[in-house]
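Form predicted alone, single chain, as structure tokens, below.
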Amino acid sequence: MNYPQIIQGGMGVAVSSWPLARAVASQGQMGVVSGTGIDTVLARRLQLGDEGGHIAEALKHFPIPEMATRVWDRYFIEGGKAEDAPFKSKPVPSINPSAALNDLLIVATFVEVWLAKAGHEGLIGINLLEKIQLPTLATLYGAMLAKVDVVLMGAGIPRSIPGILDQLAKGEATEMRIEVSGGEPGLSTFDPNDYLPGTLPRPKFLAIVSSASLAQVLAKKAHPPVDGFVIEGPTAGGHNAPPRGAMQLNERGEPVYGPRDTPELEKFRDLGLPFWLAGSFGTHDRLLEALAEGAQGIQVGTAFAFCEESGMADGIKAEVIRRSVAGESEVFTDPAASPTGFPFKVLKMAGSVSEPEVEAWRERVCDLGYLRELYRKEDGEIGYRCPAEPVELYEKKGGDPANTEGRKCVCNGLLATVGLGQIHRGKAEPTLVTAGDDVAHVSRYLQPGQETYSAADVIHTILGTHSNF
């Protein structure tokens, strides 16, 4: 595979949607769709009436028509739901998913990847998170049905994924160990023969890591080994690894990253696998710096998150660009916001759940369940709990109430940010905007006289090929 110099970050939920990935791949770089929450994204797009008819077009090419029909009939609303009506719920991820949930995951991922790949010969990847394990197998299968070129995964140790891709490509049943707090791991299983027997193209696998030690494990002990790495630094929007050593906070209450958190690039070079650098690399000079370090190129997320083709709501993009021009951007690396307990970068904006007054009126609810923790109940069965759910409910499930302090509902907040927020008791879910530190400089991609910029503007700026250079 001829890898490009730029990988577009796979930002969820639905920020890295198919129009963005298609635009990037059409420019000869790697476009990436986000697989996070893809089932909810499709279900809600259908309930909004499938604007533009894109989903309907993709489903004409889905190889299991009866499955596509089931999903369409369950969620599609002609003309779209009323603006003040809540979205119809969908099955919540579980270790033993229902047939309806697997149908939705497979169809949703196929649609997203198929639309991203249409009309060009460029590379399309899908980004998944190791910490969101329950939907992984069905999501990978749907992406492979659409002939996805690359799978990227971080937020954990995705050691089992290369082998899973091998098995799915061969048409073999596969399984994945699921982390369970306070007990033996669970097991998620998937058999492609239940859906469409036969072989599939096997995508490449790139692991997203922040340390050479993890890369060495994935290069030498995963079977088969990974095909390459994206190396994230602490300023990257998707970076959620805590600092190495004891957690220390600065005067703003943010984790302090130091020399131990700087990737040891010589060790990556020694592995002999391609790698890309991520975290404030969205300029031509930084691309040249990465290449000089032996990298294949760079991964860029934040710059693309606020371009015209991204799934972010237009009003949010306009405000972020305005702040960048005015020098008013403020990103806060919140050590407590994410239910996972890992750092999470939050862009403070009016009306967002990052504001205390908004958080005060929002009713705590966990109705999507992507970041729930699995735990063993006294009878040995698996239970599910989330630090962002109602405190009394979390405590009833054996959770420590201290874990709920400062936690925000990332799932609902991110969906609201892309215009797919739920209506709870007549109130719309508030947004939650996340971005890397480079959000302060997104105005660098504006062309003279313009107030918005395109994915092509980002690419040409980074490559140094804009006409005004």
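Bear in mind the structure is a predicted one, so any value in this text is a computation, not a measurement. Note that residue numbering follows the sequence shown and begins at 1.
Below, we turn to the form predicted together with a small molecule, even though it does not appear here.
Picking from 39-47, 59-67, 398-406, 431-439 the stretch near the small molecule in the predicted complex, with a 4.5 Å limit on heavy atoms, gives 431-439. For the residues Val113, Met312, Leu105, Ala207, the 4.5 Å heavy atom test against the small molecule in the predicted complex is passed only by Met312.
Between the options Ala236, Ala143, Cys386, Ile124, the residue in contact with the small molecule in the predicted complex by a heavy atom within 4.5 angstroms is Ala236. Contact check for Leu129: a non-hydrogen atom falls within 4.5 Å of the small molecule in the predicted complex. The closest non-hydrogen atom of Ser280 lies within 4.5 Å of the small molecule in the predicted complex. When contacts are judged by a 4.5 Å heavy atom cut-off, Ala337 does not count as touching the small molecule in the predicted complex. The small molecule in the predicted complex is not approached by Ala23, whose heavy atoms all lie more than 4.5 angstroms from it.
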